[in-house]
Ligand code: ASP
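This document opens with one chain alone, in structure tokens, the form predicted on its own.
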């Protein structure tokens, strides 16, 4: 008789919007893959969260673009989408890429949207009145020195418009308050370890920008032999340092999850970066060990076991 594993699920800040429903799936004997997708869908549908799914903050031109990925630890199967517009649940499209388009792992932009349309996913307006208000407020502040061209119609070869757009991106800052990607990692009773990530990306980013969330080894990595790791925050740093894969390699070297996360962040921190910002990470292993690390005091992650009655909040190691 196969050994039974003790189901457990962890997630980044704000994942508590979806983790209880995800744990219901695990508690009923369901799969980690179903649990992670369900948990992240609920986070994507949370209109009070402006960093994933519907209501996400837009790019510099006022368009919401979403990224997501999912990875299965036993096979290292991976599916991802990036720069997706008008589809509210990119985590589900990412899963379909993995399952129904296994010759590929990542679809972006119009190609990802065409695939979603083919599968019958429905479209919605992702820019809610509240997120539009936040964008317009930031636009007004960033545009205080009147950038001509941004409010004019772009034409072919309009260099002034292009430069104005680039300048606008440089001036626009992230929304104040807690912000960033959401990741969820789940272990089911069969020992499967699945990691998922969803985001609307860096607020007011340059159109087409893709961060670490859709890239295996950067924002998301799961290998059942050692564990899973995921990142939130400054995606460009995670891309350059391969932070999620570094976490798993640290686990492979015998480090506990918290130490593996802390050392991965130290490696990323050593890179030169004129736009340095917060990067955080989480890790979970098949034997149920877990931990996280961050550079900011008060950083936590969310945890539920099959015996939990509500999400628990655990401190991350602070560098």
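Residue numbers count along the first chain shown, from 1. Computed from a prediction, not measured in an experiment: that's the story for all the values here.
Here the subject shifts to the form predicted together with aspartic acid, a form of this protein not shown in this document.
Site residues 222, 227 and 283 are none of them in contact with aspartic acid in the model of the complex, judged by any heavy atom within 4.5 Å.
Exactly one of the stretches 126-134, 74-82, 199-207, 101-109 approaches aspartic acid in the model of the complex with heavy atoms within 4.5 Å, and it is 199-207. Contact check for residue 242: every heavy atom lies farther than 4.5 Å from aspartic acid in the model of the complex. Interface membership of residue 211, defined by any non-hydrogen atom within 4.5 Å of aspartic acid in the model of the complex, is confirmed. In the model of the complex, aspartic acid sits within 4.5 Å of a heavy atom belonging to residue 181.
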